[in-house]
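We begin with a single chain expressed as structure tokens, specifically the form predicted on its own.
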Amino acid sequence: MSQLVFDPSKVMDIDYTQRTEYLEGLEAIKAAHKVLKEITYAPSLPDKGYTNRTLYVNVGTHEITEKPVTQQMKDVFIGGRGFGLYHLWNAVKPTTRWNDPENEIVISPGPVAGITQYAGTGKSLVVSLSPQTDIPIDSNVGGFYGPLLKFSGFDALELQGKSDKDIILFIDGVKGIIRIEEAPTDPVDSHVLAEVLTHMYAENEKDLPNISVVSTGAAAEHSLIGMLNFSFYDRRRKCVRFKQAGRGGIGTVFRDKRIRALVVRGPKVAGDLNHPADPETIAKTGIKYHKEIRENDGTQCMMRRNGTAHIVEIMDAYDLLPVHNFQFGSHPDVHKIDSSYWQQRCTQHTVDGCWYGCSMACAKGADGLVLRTGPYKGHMVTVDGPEYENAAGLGSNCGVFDPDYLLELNFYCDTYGICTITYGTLTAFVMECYQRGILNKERTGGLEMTWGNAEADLEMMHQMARGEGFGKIAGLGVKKMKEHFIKNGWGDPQLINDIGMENKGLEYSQYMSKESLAQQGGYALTNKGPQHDEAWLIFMDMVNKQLPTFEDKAEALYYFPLFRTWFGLNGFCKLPWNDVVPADNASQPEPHKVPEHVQNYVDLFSATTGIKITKEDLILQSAKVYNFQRVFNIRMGKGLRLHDAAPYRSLGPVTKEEYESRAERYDQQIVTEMGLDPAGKTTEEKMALHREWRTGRFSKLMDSVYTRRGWTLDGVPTLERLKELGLDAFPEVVDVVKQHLS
């Protein structure tokens, strides 16, 4: 593929400061707030990355207390996702369901989060029991809330209980005040609510960047796929923008607890607030990396110009882009939504980024979009992105190649509190069911869900937000839609299960994995479900060809889920790890691991906490949390081999048209991989051969990966593995495992 060259003359001339404002009723909304509980506390800054306090809030009883962060918590769980899983384990029982009061939402940024000298250090991890999977879900998110929470004095926030009225939790990390307020008239949708609350709690204009809001929207109240928006104030655009904790329905839990929003007011951010043990090493490592970004990004991924959407055309070229519910891997209209278009459409006149000091700056913004549908029709808005997952999921996977409609879908997902990845995959499933007669206009309430029908797509989303019509059914997610369709006798159950792209109840993210055995495992053999952030192997497997053998793929499914887990323990974004790499990376040993960057992370952790670690220690830290999460899943009734099963569409061609569209490839595989002659066989016979070969290969992969991870062939961590990781110090963890060992 030829390298895209940036041409500033083609960038659309859009005034990025212009948008519809929503502050007219602010004073009346503020006057309606009623204080339900207020306490004072002593704000503090971290010492070597930790504040050593967790804030616990029960929104039902209004209990507000502090809990100590123990040395054992730091040694075993590190922070971020680890702290979230630890608190959640202690909060729930095996019988707890997502909508029980004891379920928690835990937000934790991790010890390194908040430094400003290295790219991608503003992440928070959100953990809860998922309405979609009934097991713990973790979702990483940018924006300012996590770092400002930490700089207000807390390593984590635990939210438990259920309120009987809509409330806002306000933490003033400058004055040392925590307040629960009743919020009876606040706006519902995020882009309005966050703008109002940011201005309500800021003391003046200079204070606006010190405010961050966590919120969701109308659809989270009527679906299982609600997500959370974490805000950050964009100084140049002078507006509130968002990053999303999207996966698993945490926004639905948020609204079930009747939380309207979380607001934090932190101190003004400076480079030394994390009080690291060795600031010189952090500064030196950051300077080296920033230089690398400046010198290499323009010839590698162009993240600063295009954001993550830069891989749309790469995935299309390698037949890996999801098209029409993962049936196909490319489409002739992809050029309408690839990075050559987004480079022109996204604002290039300002520096983007969702945390201070991120030189990668991939949080692109598309300004000046005038909405054509829904309750905000005619309003001018700024849309975050679109990121790759949104362009692929809302676009090609549903056959939507009109970029303005794609942006509008993206906008409404965000403001309604809908996970864009989940919505894209479930809508693609609905459209294929419509194509194959499983659904029709009568069953969808009049929605003509044909490929590319963006107006019907948007109407389904508006119905979801209103809690009515077929949109309410779609909001149950793919797993429950499959059950609903089969129960009603709509279509062949095997076909429905083959094409419904979910595992453990979570929808697939947006890569077509049929030809990548490594990515098949990267999706299905995950703890939380098929989300690429746990094992994004498709690029190194299919584009860079760095995993040529079966053994390479199995080993990658041991190493990379652990390596990527580590980002979530510490508050790192994963993108700066391998989206821009050192110029000599290809000549290094194990270039797919980007060894220089691995060393950067080792140095950053050691320099922040004062605890010297090696690259091997990094993997060990993750292995403790990863195996703990696996046992947590088993405790909640999942986490065994049968729960790692993949829908056949992720392994191979389900339908005749899929097979015949790539017949030359598939016929050749019958010769080279199976040692058979396809001549004279019908398409159905050849598809049957592929199904037997592909499912057998995937089963063999499961055996190899489980063994490498120190698990039984049923997917259960062995007692020896728990002891090796020090998890035998937790008797309850051992008890869960013993029940599944014979």
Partner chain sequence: MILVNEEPLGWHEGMTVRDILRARNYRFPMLVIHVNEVLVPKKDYDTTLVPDGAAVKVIHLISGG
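Residue numbers count along the first chain shown, from 1. Note that the coordinates shown come from a computational prediction; the quantities given were computed from them, not determined experimentally.
The same protein also has a form predicted together with the partner chain, omitted here; what follows describes it.
- Shown alone, this chain has one stretch from 536 to 544, 281 to 289, 102 to 110, 241 to 249 that lies within 4.5 Å of the partner chain in the predicted bound form by heavy atoms: 536 to 544.
- Under a 4.5 angstroms non-hydrogen atom cutoff, the partner chain in the predicted bound form lacks S606 among its neighbouring residues.
- Taking non-hydrogen atoms only, I473 never approaches the partner chain to within 4.5 angstroms in the predicted bound form.
- The partner chain is not drawn, but in the predicted bound form it has no heavy atom within 4.5 Å of A518.
- Contact check for F485: no non-hydrogen atom falls within 4.5 Å of the partner chain in the predicted bound form.
- Annotation: in the predicted bound form, residues F254, E387 and Y423 none come within 4.5 Å of the partner chain through any heavy atom.
- Shown without its partner, this chain lists L371, A361, I311, V188 as candidates; in the predicted bound form, only I311 has a non-hydrogen atom within 4.5 angstroms of the partner chain.
- C301 is the sole member of C301, M200, A183, L447 with a non-hydrogen atom lying within 4.5 angstroms of the partner chain in the predicted bound form.
- Looking at 553 to 567, the residues that come within 4.5 Å of the partner chain in the predicted bound form, counting any heavy atom, are F560, R564.
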